[in-house]
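Take a look at this one chain, the form predicted on its own, written out in structure tokens.
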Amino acid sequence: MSRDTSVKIILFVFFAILCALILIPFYAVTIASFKPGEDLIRYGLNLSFDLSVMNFDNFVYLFSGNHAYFTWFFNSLLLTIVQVVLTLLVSATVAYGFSAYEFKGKNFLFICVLLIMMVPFEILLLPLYTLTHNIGLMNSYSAIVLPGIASAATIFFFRQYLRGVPKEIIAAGRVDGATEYGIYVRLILPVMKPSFAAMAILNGMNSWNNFLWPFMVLSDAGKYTLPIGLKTLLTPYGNNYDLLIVGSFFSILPIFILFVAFQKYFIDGMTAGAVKG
């Protein structure tokens, strides 16, 4: 057996094991969504496939029961769409400025972006909460969306991607008489489609799963996002595991569908960003 073949076999086994470790939790949640909540309380999440206790009662309850699940779901969906669109537009514009123009303090500002990437969000919670309270944005979706629209990680990725875009494109646009705005919108943004797809998935996943910051700023139950709403199902006075487990199962689907739909662009964008950086 040649060395290359041995390496391929080892890599195949490694990624097969990694894939299994990733899929097992999804399998457990899927199976649990067909079981009654009492079974989850008694045995916890497990991999047993017992047809005698499996049914569609949880799904019937999800779509016909008296609860606020779909209010939470659509709140999260709206917030995710708005936050992703604004984050991509603002971050791409900032990254284009770093890539296409020379100005005083450019390197210092980009170092600041890198430093922000290294700061855990938990360190910013208290000052950000104080600022949000002082400017009157508490219990509003603006308090959730605005702090993240200039994402340091997204700016860094877009900047690295744009470094691989030929400068001749910008020069040709200027020769043809296009404005700087026209060059950005008509020439640069179409080239960035793979990177937009990659960052849309990553930012969409972060926004969809965001719990801590929305939990701190939202007090109106009608504005709760899905992670907060699911958390309210677990209380010291009673736990609604029937809705919790099937609701958790459905909460996975939007990100899964998004990734499957844009998988090709995601891989192209991540690869191009890595190589062109």
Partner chain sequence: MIKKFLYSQKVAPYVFVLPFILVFLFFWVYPLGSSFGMSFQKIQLGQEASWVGFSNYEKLMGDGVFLKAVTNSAVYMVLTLAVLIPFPMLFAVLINNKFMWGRDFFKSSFFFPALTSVVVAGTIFRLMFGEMEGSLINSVLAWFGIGPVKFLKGQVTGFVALVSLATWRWTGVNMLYFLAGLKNIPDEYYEAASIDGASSLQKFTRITMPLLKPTTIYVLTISIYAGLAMFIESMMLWNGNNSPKNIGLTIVGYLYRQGIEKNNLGYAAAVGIVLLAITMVINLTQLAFSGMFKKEE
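Numbering follows the first chain given and starts at 1. Since the structure is predicted, the reported quantities are computational estimates derived from the model, not experimental observations. For the two forms, the rigid core is made up of the largest set of C-alpha atoms that agree within 1.5 Å on superposition.
Unshown form predicted in complex with its partner chain; subsequent notes refer to it.
- Ile41 is the sole member of Val60, Ile41, Ala68, Ala221 with a non-hydrogen atom within 4.5 Å of its partner chain in the model of the complex.
- The partner is absent here; in the model of the complex, the one residue of Leu79, Leu187, Met192, Val94 having a heavy atom within 4.5 Å of its partner chain is Val94.
- Although the partner is absent here, Tyr241 is a contact residue: one of its heavy atoms lies within 4.5 angstroms of its partner chain in the model of the complex.
- Its partner chain in the model of the complex is not approached by Leu51, whose heavy atoms all lie more than 4.5 angstroms from it.
- Under a 4.5 angstroms non-hydrogen atom cutoff, its partner chain in the model of the complex has Pro127 among its neighbouring residues.
- The shortest heavy atom separation between Ser251 and its partner chain in the model of the complex is within 4.5 Å.
- Of the residues in 8-24, those that come within 4.5 Å of its partner chain in the model of the complex through at least one heavy atom are, in sequence order, Lys8, Ile9, Leu11, Phe12, Phe14, Phe15, Ala16, Leu18, Cys19, Ile22, Leu23, Ile24.
- Ala28 is among the residues whose C-alpha shifts by 2 Å or more between this form and the one not shown once the rigid core is aligned.
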